[in-house]
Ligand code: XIL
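Given next, in structure tokens, is a single chain: the form predicted on its own.
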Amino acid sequence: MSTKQTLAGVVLGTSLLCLGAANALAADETLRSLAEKNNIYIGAILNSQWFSGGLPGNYEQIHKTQFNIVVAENEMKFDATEPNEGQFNYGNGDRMVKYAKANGMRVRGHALAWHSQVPGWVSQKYSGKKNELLRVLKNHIEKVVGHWKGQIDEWDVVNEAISNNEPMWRSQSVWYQGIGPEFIDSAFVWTHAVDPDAELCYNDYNLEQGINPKAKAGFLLEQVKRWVANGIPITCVGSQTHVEDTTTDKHFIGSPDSLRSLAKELAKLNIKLKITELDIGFKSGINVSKSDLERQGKTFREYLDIILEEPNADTYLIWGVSDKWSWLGGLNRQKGLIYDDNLKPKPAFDSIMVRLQNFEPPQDTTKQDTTATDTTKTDTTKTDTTKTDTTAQDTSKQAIAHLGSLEALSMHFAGRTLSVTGAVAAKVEVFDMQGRPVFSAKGVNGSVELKGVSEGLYIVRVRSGSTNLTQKIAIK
């Protein structure tokens, strides 16, 4: 769609966190329910093995439970949908669309015009023949987009058309060599003519490496300006965001700050930014430590912050579910996803979950088409401030924060003392921002000292019977 759809289907459990494996908190919330609460899309590809029944049953259960947007890994590309001239194959794509609709998921189409995975008949018959190539591409777009009209919410119309070596168009492309850069403009025009309600994206990698004129994102930004000025119907830019850990100086190549800068520049043009193919991998063959995985989780969270905080960003899509079925081996990388080989959540999953749970939209920022909702949140914030002031009158301690109430259960935090009211015997649990338990106490009646907990931000959960109260605290 040309505007962000209102997200629905929020399923809220009695607990406010849902973390993975040994870190798990018993709860009903998922990445999906929290993303929907925050009015964004979070997703992962359907791996190609899924289409042939080559994945365990819990793969699909995880996928449809945790994600609300989906794209096929390979099944909608040119060679899959038109393997022979004029002979179209929609079987696998239809299967994915049916799956998505049955599970209330948004659908991305990937990709219409790309230099790779073009069937051999295109270059064998039409290499260098401009008019014939224009006809072939136009016919392909019209047939494929027409087949799924109204079912695909957004298309990667053109994929990776910019050279990776210097800011210029990629010359190693049957489309560029035979037609020139006008094939890009034409592809957007043809796609929009067939399905005017679909969002249309230009999609590429290394866009997180800066927007200066010598970087790919800087070159793209100038093209987007031209497309907008000329009325080319582009609505979004997809950042693949395949990021690598260098392991030497302990940081990742690629900067969330740089991608955020691109988002801000695109906003000036009324163009959305979407993260469309995210993975954060390590060099193959090295031993990946616990601290490496925690750092990876932090980077996943920093990219998520862009989608949560920038008004023109709405999609956070990961290029795979489990490390076991990942394309990263071909790049000499490993362990780049949020589930391990056994489909168990990694620290990256926990990091994303905690961030979604605790995100509070800035009062001066509103997501597109959610003005009414954001205004309500602002009004609620004012009400919460009043509650905080009232709480200060109810306690003799100088509270750092009044952390909320649910029915008769409430908690207050000051210094290192957590006071619990409304429960005869409550269980107190403290988790760090990766979702790892750092403190627990049972049978709390009145107050408990959080001894041995280092300074920093934490999540505290108080449970009494079926009542749960969870909030963020700062220990100073």
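None of the values given here were measured: they were computed from a predicted structure. A residue's number is simply how far along the shown sequence it sits, counting from 1.
There is another form of this protein, the form predicted together with the named molecule, and it is not shown here; the text below is about that form.
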Inset, instruction - With heavy atoms only and a cut-off of 4.5 Å, decide whether N212 touches the named molecule in the predicted bound form. - result: no
Inset, instruction - Spell out, yes or no, whether the shortest heavy atom distance between H242 and the named molecule in the predicted bound form is within 4.5 Å. - result: yes
Legend entry - D323: touches the named molecule in the predicted bound form, heavy atom cutoff 4.5 angstroms: no
Inset, instruction - Please run the contact check for Q117 against the named molecule in the predicted bound form: heavy atoms, 4.5 angstroms, yes or no? - result: yes
Inset, instruction - Have a look at H110, K216, K346, K335 for me and say which one sits with a heavy atom within 4.5 Å of the named molecule in the predicted bound form. - result: H110
Legend entry - Contact residue in the predicted bound form, from E82, E73, E199, E310 (heavy atom within 4.5 Å of the named molecule): E73
Inset, instruction - Choose from 137-145, 154-162, 310-318, 118-126 the stretch whose residues reach within 4.5 Å of the named molecule in the predicted bound form, heavy atoms counted. - result: 154-162
Legend entry - Candidate site K77, E277 and W327: all three near the named molecule in the predicted bound form by heavy atom within 4.5 Å: yes
